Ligand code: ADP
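Just one chain follows, in the form predicted on its own, and it is written as structure tokens.
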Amino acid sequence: MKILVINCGSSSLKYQVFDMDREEVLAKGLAERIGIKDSRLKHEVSSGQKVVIEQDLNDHIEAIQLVLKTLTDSKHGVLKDISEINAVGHRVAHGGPNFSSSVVITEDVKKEIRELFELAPLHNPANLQGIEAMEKLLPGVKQVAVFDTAFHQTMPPCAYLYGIPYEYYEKYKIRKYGFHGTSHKYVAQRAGEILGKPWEQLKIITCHLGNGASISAIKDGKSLENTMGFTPLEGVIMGTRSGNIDPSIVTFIMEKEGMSIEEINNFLNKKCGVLGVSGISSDFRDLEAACAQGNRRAQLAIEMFIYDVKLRIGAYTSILGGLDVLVFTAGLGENGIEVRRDICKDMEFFGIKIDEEKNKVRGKEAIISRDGEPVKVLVIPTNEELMIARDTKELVAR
């Protein structure tokens, strides 16, 4: 079975083609600057051959047309005909309270995705555009929606409700949803496979640390907590997102700076986080380079991030009633040797002790805890696309 996985952003489209009989990636790529000048497609096949196609892409339909054309191209393609695509899996950012698992896309599902636009204005509209474009170009081919929020729908009400009048939850669906669910689920399952234990029998904390960062507490194969909330803005300090702050700060800054609602929302999402604290960058590689030159604010930004993550690991260990596995994933989690070391420092009382030599790993699976320690610490590169492909295969095969 061949499955095309699509991840549509507002001006981008990531894709991968899987041969699910072997769970092998046949091709992958990125269409970027959709609807913007100088748009292009970057395409790579499993052999390593790469091609960049410069072409105006006015919308997602044109982008997907180019993707399908490239996938069947005699030089760069991996398919003889698009009819070889058996199903399409779509990453959808927000599934609201009604989707606790992936689903085959129907008109009702599309309606629900559309109704959630106000909860995910940057992502859900683009996700739906990709779905509708694919319907036009591959009519009759089953499509599946895999929601970023679905894995976290097992959180109990005491975890997902806020301290506001209950009527606002009923009227406006205001609650914690959690995000990066596909990533958290993948690395938790993979941790069980690596350790040779059923993941449903493990107490796991997964740290998805990238420009956007979230941490999850997982027990009995279910998410009990996630640091992100009503939107991906809540939680730990991130690359450009503020993370948790006193809500009164929002109105205070709006008044002092004369900001509109749109401006304050943009400010909190794009100009805060370690970028705002350091004044340098949202990229930890830049911050570490600045630290080496004695930049105090860059050092402070990193310290704030590490403190925040350590705080959540401690709290989530309490919620889980102990800890068996700690997983680091995503860009910083997979590559940040010093950040992983500093997060795990002074956590021995939890049974967390990493081996300095084992920790010298970037971008590949590894157990980095010391031998014999009660808590296994792992680095696992995330693979959300494979998770989407697996869910798609399971649903269309029914």
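Everything numeric in this text was worked out from a predicted model, so none of it was measured. One-based numbering along the sequence shown.
A second form of this protein, the form predicted together with the ligand, is not displayed here; the remarks below concern that form.
Segments offered: 209-217, 127-135, 195-203, 107-115. Contacting the ligand in the predicted bound form at heavy atom distances within 4.5 Å is 209-217.
Here the marked residues Gly96, Glu167 and Arg175 all miss the ligand in the predicted bound form; none has a heavy atom within 4.5 angstroms. When the ligand is considered in the predicted bound form, Gly336 lines it closely, a heavy atom lying within 4.5 Å.
Contact annotation for Phe284: at least one heavy atom lies within 4.5 Å of the ligand in the predicted bound form. Although the partner is absent from this view, Arg362 contacts the ligand in the predicted bound form, with a non-hydrogen atom inside 4.5 angstroms.
Remark: Gly351 does not count among the residues lining the ligand in the predicted bound form, judged by a heavy atom distance of 4.5 Å or less. The partner is absent here; in the predicted bound form, the one residue of Cys344, Leu41, Ile34, Ala330 having a heavy atom within 4.5 Å of the ligand is Ala330. Glu288 is the sole member of Asp308, Glu288, Glu84, Asp324 with a non-hydrogen atom within 4.5 Å of the ligand in the predicted bound form.
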